[in-house]
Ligand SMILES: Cc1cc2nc3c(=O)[nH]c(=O)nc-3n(C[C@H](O)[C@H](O)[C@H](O)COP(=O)(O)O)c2cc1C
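Encoded as structure tokens, the following chain is the form predicted on its own, with no partner shown.
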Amino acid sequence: MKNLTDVIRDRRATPSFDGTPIPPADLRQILDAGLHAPSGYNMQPWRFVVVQAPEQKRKLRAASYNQPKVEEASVMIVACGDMDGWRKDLDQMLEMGLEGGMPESYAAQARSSVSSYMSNFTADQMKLWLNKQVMLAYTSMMLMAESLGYDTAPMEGFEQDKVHEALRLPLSYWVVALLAVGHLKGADKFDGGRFGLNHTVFGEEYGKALKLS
């Protein structure tokens, strides 16, 4: 496995894949990394559709502005958030917490506070919340795939309604992003560079340089 420092520094959005199959054990490890990501209230609202069959990848490609890498990739992971997940999963989440040592008083408080907080979201607020939660899991899967020696391409170029139709998603699902996983074909993408600390990081308040020495 590659170490995390090298994965973060060297990863590129892969332009083209060779279609080599991914062993089930590796795919399970990639997905498991996403399932262990943190989430608000531990609600874990992410849902993943793993697309490997050629006919399904063709449908997904048509819903993703005809990008060839959708069909070329060994696996396409469609990362969604369930807008109704908190209603369906709250009781089970608290049961798991209690089994793991969650105090009864904390569970009772969470049952009330989660319901009160989430039920007041507008549809747009819920989608924004889901974007944050799902991307935590998405990034964990991407980094795990890279650490196992695979190449990845995060994709936001798709049409929400067409992905829903192609994959027969429930109406409560909000598609956040697609993740292409496989092995690079041809030349890797150029290094676009990254801004340094002095450009993007401040210390204590905006405009003050962060001192690390």
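Just so it is clear, the model here is predicted, and its values are computed rather than measured. The first residue of the shown sequence is 1; numbering continues from there.
Unshown form predicted together with this ligand; subsequent notes refer to it.
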**Fill in**
Exactly one of S172, Q29, Q67, Q56 comes within 4.5 Å of this ligand in the predicted complex through a heavy atom, and that residue is Q67
**this ligand: the contacting residue among L90, M102, M135, A110 in the predicted complex [heavy atom, 4.5 Å]** = M135
**Message:** Using a 4.5 angstroms cut-off on non-hydrogen atoms, would G40 count as touching this ligand in the predicted complex?
**Reply:** no
**Prompt:** According to a 4.5 angstroms non-hydrogen atom cut-off, is A13 in contact with this ligand in the predicted complex?
**Reply:** yes
**Request:** Would you check, heavy atoms only and a 4.5 Å threshold, whether E165 touches this ligand in the predicted complex?
**Result:** no
**Contact flag, M155 vs this ligand in the predicted complex, heavy atom cut 4.5 Å** = yes
**Message:** Can you tell me which of 179-187, 30-38, 45-53, 156-164 lies within 4.5 Å of this ligand in the predicted complex, counting heavy atoms only?
**Reply:** 156-164
